Ligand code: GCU
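What follows is a single chain, given as structure tokens, in the form predicted on its own.
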Amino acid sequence: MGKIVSFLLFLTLPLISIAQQFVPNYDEAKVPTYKLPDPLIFKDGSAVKSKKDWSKRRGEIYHIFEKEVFGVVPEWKGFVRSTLVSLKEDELDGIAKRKEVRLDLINGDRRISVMILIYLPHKSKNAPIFLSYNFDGNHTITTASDVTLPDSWVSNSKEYGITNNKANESGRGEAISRWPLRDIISRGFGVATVYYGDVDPDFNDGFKNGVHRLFDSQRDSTSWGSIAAWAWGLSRVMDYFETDKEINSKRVIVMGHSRLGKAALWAGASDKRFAITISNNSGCGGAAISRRKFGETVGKINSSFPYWFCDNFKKYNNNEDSMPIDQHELIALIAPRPVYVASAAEDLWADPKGEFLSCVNASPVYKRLLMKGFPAKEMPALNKPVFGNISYHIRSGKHDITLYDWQCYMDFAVHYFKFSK
């Protein structure tokens, strides 16, 4: 009898698997009714009435995101050492200087090395600078043959998840469409990029190969995941910027695409030194409202990437309404500094409307701080940006970062930094 039951169970396993297959909702009519938590109401029910009140309420919200979503970063007892690796004075037909700087993050006998590739315009001193991770190595954003290949794990998108992938020359320049360096430098901006795998490899490695291993700490349900590690790495780059006289550390724009857009938002919320924060197609766990359950959901992202967030975040799998926060409050944490959120019309997985609604619902915090906030109530037309202290656009096309996106971000930064380019 036992053998028969086992055989029948074996036959039904494929059916169970099919029944549990995730099917994303892309129908607005099927978005559930939900109520968002109010960022201007304290946990005790009292209201935020002043800037001082917001500072306290911000602390409440931040600690919830720490303990329930991204994870708590342990105390850092190490130090960072920078080394100039290469310098080219005449790049991009003479309009830019290019340098590579290696950061060694050191704690006792443990060390992680992170390479920063930096382009600075010759004609603009103390230029604002975009800081953003890249996905496959610094060498992928340029065809320059002497930009250093990373020696850490690379995703090699065709073989994603293979833990022994290494970068090679075939990837050089493959991501230049996402990095319009000439256009950015010509507008008077610098660019700094880091390969995100240098900071933490993007696979479930038990937190043994990235910056996590620099820390002496026991892991629990609040321990930090990879997104918090990537955000922490951006702050270590900022530490270096403050020592480099060629870089204006007061005008650093932290920007990220997709999962790295999530990291950029958390970096902007965690480190007030970032002057502007930009989220490009960041979706679930980034700018999109989780309670909408549109496209990628909390349950889906936690099953696909269980190491991105802290374990407490898994409590909200298929249980988003019980979350004590939602993603509009992540944007609100950046106030009063400006933030830009962008979506793509064909990127339904990232829930463009949910990203827009986060801007709408974060706006009252900016207005309470006597700022313009977000000046729209309805989704804008394609390729028609809405500019405020919170800005937003939805462009035509797919999940990507394009020249159009960069042009909007530069327009935004020119306005807030008040320089003419």
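Quick caveat: nothing in here was measured; it's all calculated off a predicted structure. Residue numbers run from 1 along the displayed sequence.
Unshown form predicted in complex with the named molecule; subsequent notes refer to it.
- When the named molecule is considered in the predicted complex, Glu296 lines it closely, a heavy atom lying within 4.5 Å.
- Contact check for Trp232: every heavy atom lies farther than 4.5 Å from the named molecule in the predicted complex.
- When the named molecule is considered in the predicted complex, Ser226 lies well away from it, no heavy atom lying within 4.5 Å.
- In the predicted complex, the named molecule lies farther than 4.5 Å from every heavy atom of Tyr119.
- Residues placing heavy atoms within 4.5 Å of the named molecule in the predicted complex fall in a single listed stretch, namely 298-306, out of 123-131, 213-221, 298-306, 109-117.
- Residue Trp349 is the only one of Tyr316, Trp349, Phe241, Phe203 with a heavy atom lying within 4.5 Å of the named molecule in the predicted complex.
- Listed residues Trp153, Phe135, Trp179, Phe207 were compared with the named molecule in the predicted complex; Phe135 is the one with a heavy atom within 4.5 Å.
- For the stretch 256-280, the set of residues having any non-hydrogen atom within 4.5 angstroms of the named molecule in the predicted complex comprises Ser258, Arg259, Lys262, in sequence order.
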